[in-house]
Every structure is written in C-alpha cells, then in structure tokens.
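Below you'll find only one chain, the form predicted alone, shown as structure tokens.
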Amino acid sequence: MNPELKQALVDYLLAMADDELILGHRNSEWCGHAPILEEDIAFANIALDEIGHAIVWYELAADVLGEERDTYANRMVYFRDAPDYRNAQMVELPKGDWAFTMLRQYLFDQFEMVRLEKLTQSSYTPLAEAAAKICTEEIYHLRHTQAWVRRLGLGTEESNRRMQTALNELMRYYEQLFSPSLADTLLFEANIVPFQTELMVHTLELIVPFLVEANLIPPRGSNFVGPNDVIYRHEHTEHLNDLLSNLQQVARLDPMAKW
C-alpha cells in the first residue's frame, strides 16, 4: 500500500472511529435517565458497543500506521482537540429528548449497516474482517431502534410530534455522513471502501419507506440538504468542545498515566 493510499485509509478509519466514540458518549448520558429500567440497561449496552466499535477502528488505524494500538487509541481519544476530530456533527449534538436520541440512533444504525455490509467485501482483509464482526452486533442495534421509532411514531399525538420535530432537525445534518473526500476516491478505486454516493442511495431506499411506515414525513428527494449546505468533517459545533472537556478532563490531569 503506497503512502497516499495508507493515509487515506487512516483518515477513513478515524472518521468512523470518531463517529462511534462521540455517539457512544452521547448515548451514555442516558444512563440512569432512560424511560424504563429495561431500556436503561439496554441503551447503556448500546453506548458501550459503540465505544467498543470505535476502539476497533482506532486500533486498525494504528496497525496501518505501524503504531502501538493502546498508545495510539489513547492519544486519539484523550489528547486531540475538537478541530482534529473527524466525526459528523449529527453525533455531537446534545442528546435532546428520548425521541431525538432514538431517531438519531436509528438513522446512524441504518447507515452503518449498509456501510458495514459493503465493507465486508473490502479488498483490505483486516477491514473486511472487522466489519463482519461488528455487523453482527449492529443487527441488534438496528432492530432495537427500529422498534422505538415505530413505537413513538405510531404512538400518541405527542410522541409523533416529538419524532417529527427530531426528524426535521436531524435531516439537516444527515448527509454529512455520506459526503466523500478526495481521498475516498483512492480507496474506492482500490476496492477498499464503497463510494459514499452509493451508500447514500442504498440507505435512503431503506429509511424513507420505514419513516413513512412510522407515520413520519421524510425529507423530499434523494438528499437531505442542498449542495451548498454540505458540512465538512473538520467543522464542528460548540457542543463537541463541551463533550470533550468532560471526556478528556481526567486523562489530561496526568498525561503520562497508563489507562
């Protein structure tokens, strides 16, 4: 693998890892506050799964670079500032109400399932194997969030209203997950990752009819935002600074400590 392709792959893996880490951290904020006890336990486990998946991608990036896994993951999580993170803005937004959290998780889960299924066919064997392993867990995440979207969308007038409000807010951020970088073209040509536009088409084919089934009004057309509204992955909201100050504060008290 030439240096340019190697760097493109590391950047791709970091974007995936950062999405999972930040979303997992947001979900963990519901621990002790979910609507029912069973859901408190279930959603805490989903949060842990997302963080675990992030570690898989950080470690794979370390392998590509020839770095020690724990040291690299520790540095990426605890010692980068917000502008160096490559997560989509959608996952860093505050947790909001239960409708917002569930709909965000569903939208991410459906996108991730489509991507993971494509990645299992990657020409880069370690990536294909990691995707296949994670895919088995994501099946349960998707089933769980689909059930909640149906329950809330088809529930009371109030629950439907909250879900529609959440959808109207989230749709402004969703396309960022599919925005390709110039480096992605190199990975696609090497058959390492699927092209982002292909992921968008397949994902929308699944989510639009599902949202209609749940009595929600999905965005029109194939895109959620206009071409002039694309948000790049180095652009973040003030919410990420707040999240990282909480996530990193203990580690930064003693940067030389072993965690």
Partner chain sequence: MYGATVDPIEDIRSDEEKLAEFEARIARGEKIEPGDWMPEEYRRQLIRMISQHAHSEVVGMLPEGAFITRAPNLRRKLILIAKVQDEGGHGQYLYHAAETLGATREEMLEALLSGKAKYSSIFNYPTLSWADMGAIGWLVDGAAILNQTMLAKCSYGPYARAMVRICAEENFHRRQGQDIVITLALGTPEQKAMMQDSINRWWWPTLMMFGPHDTDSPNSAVLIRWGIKTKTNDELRQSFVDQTAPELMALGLTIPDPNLYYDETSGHWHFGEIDWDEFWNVVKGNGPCNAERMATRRQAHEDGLWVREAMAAYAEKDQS
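Keep in mind that this is a model prediction, so the values were computed, not measured. Positions refer to the first chain, counted from 1.
Missing here is the form predicted together with the partner chain; even so, the following discussion is about that form.
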Checklist outcome for this item: With the partner omitted here, the residue among 73, 93, 116, 170 that in the predicted bound form has a heavy atom within 4.5 Å of the partner chain is 73
Checklist entry - Can you pick the one in 98, 174, 111, 124 that has a heavy atom within 4.5 Å of the partner chain in the predicted bound form? => result 98
Checklist entry - Can all three of 31, 44 and 151 be found with a heavy atom no more than 4.5 Å from the partner chain in the predicted bound form? => result yes
Checklist entry - Does residue 25 reach the partner chain in the predicted bound form if we count a contact as any heavy atom within 4.5 Å? => result yes
Next on the checklist: Just checking whether residue 81 would be counted as a contact of the partner chain in the predicted bound form - the rule being heavy atoms within 4.5 angstroms.
Outcome noted: no
Checklist entry - So, in the predicted bound form, is residue 21 in contact with the partner chain at a 4.5 angstroms heavy atom limit? => result yes
Next on the checklist: Since only the chain is shown here, I'm wondering whether residue 62 would be in contact with the partner chain in the predicted bound form (any heavy atom pair within 4.5 Å).
Outcome noted: no
Checklist entry - Counting only heavy atoms and a 4.5 Å cutoff, which of 103-111, 116-124, 156-164, 136-144 contacts the partner chain in the predicted bound form? => result 156-164
Checklist entry - Though the partner is not shown here, which residues of 173-212 have a heavy atom within 4.5 Å of the partner chain in the predicted bound form? => result none
